[in-house]
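A lone chain, given as structure tokens: the form predicted alone.
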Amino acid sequence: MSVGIDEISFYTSGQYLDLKTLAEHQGIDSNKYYDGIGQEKMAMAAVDEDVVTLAANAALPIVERVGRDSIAAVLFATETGIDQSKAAGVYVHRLLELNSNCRVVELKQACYSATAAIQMACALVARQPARPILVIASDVARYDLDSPGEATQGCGAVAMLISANPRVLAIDPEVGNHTEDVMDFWRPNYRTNALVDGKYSTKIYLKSLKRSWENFREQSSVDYADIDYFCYHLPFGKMAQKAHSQLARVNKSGQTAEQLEQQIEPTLQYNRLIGNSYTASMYIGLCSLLENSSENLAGKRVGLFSYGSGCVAEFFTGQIQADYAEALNADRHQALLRERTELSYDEYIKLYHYPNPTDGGEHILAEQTQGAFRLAAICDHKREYVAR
């Protein structure tokens, strides 16, 4: 029996800032972003959107297909937590009207926790094959204005149904891990915006890739040459190219630059238009590969490298299934990206500075989102979510 991803669905905000607009305001060449970091646009969450609404919108098509009573658990991965105690997934559970016997838990370890959730879900499904698990990764990436990280903001959520005999990706049980206590990226409880040491974080990312790969090879018979495509955690698009070049050198692959690019380019297309989405970014990359590759991917093996600053990293593999294309949501995803609204720089700044109330008063939020769910109010320190 195989276990893995039976369906995958993502969602992002209906508005974005083109990095050309940011570059014009800063008085620099837009190629610094378009070519330098491999990003073109960054999604900006509306005032009535957060990780809960993004997650519920991502999961809705899956729940509508499989039924609200069939899901055994929701594993919600995020580093943009909205409460120190209550799991964000509990709000999603109500919005999606899931069965009361469905367990819910939130997981956190920077951008890695969605991978931990998938591995946990695979173990649960292996134990009870008739009970699929819903894994959701949802985040809003936010940095200080005029900081090096400003152009790598974004938001998005990915929902994945983990089941026995999956239609999309059968996940191999062997994994390679690396854990190391470092301070390359962090967000203290008293800060909304993350802090990052960019150059150091890139160095640790690449070190963790090498160590995870080495550990993977100790566990698995799958070699570098057995893998057709590679998905990497994407804080920005160029990171995948840095990572893949290093992995090829470690394995003395002898590939040309063009061959290396072919193994990652299809994974970058959606993220280039969305920006960073932390826990969701690698899995939006997987969506991009499945929906934008020019070839039939049936039977192809994918290598996936998940990195969470701080740090925990994992390398694992999976095989794309024969009828994967029938289980995709490509038309909906592409329409979502195509129909978004572009923000002016002034609109972006206004949205960036929109108040985040902490006084316990009654705050009714303007209706901006086009999604099925929204954050309607924050009153008496309670978040109030509704279906539109």
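All of these numbers come straight from a predicted model, not from anything done at the bench. Residue numbers run from 1 along the displayed sequence.
Just so it is clear, the following notes concern the form predicted in complex with acetoacetyl-coenzyme A, a form of the same protein that is not shown.
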| remark: Picking from Gln119, Ser201, Thr80, Thr317, the single residue whose non-hydrogen atoms come within 4.5 angstroms of acetoacetyl-coenzyme A in the predicted complex is Ser201
| task | Taking 4.5 Å between heavy atoms as the contact cutoff, choose which of Leu98, Leu290, Val196, Ile264 touches acetoacetyl-coenzyme A in the predicted complex. | result | Val196
| task | Assess the spot marked by His178, Tyr232 and Gly303: is acetoacetyl-coenzyme A within 4.5 Å of a heavy atom from every one of these residues in the predicted complex? | result | no
| query | Quick one: does Thr152 come within 4.5 Å of acetoacetyl-coenzyme A in the predicted complex, counting heavy atoms only? | reply | yes
| Partner contact for Asn276 in the predicted complex: acetoacetyl-coenzyme A, 4.5 angstroms, heavy atom | yes
| field | Partner contact for Pro173 in the predicted complex: acetoacetyl-coenzyme A, 4.5 angstroms, heavy atom | value | no
| message | Can you tell me if Pro61 lies within 4.5 angstroms of acetoacetyl-coenzyme A in the predicted complex, counting non-hydrogen atoms only? | response | no
| message | Looking at heavy atoms inside 4.5 Å, which stretch does acetoacetyl-coenzyme A contact in the predicted complex, given the options 294-302, 256-264, 201-209, 123-131? | response | 201-209
| note | Applying a 4.5 angstroms cut-off on non-hydrogen atoms, the residues of 99-117 near acetoacetyl-coenzyme A in the predicted complex are Cys111
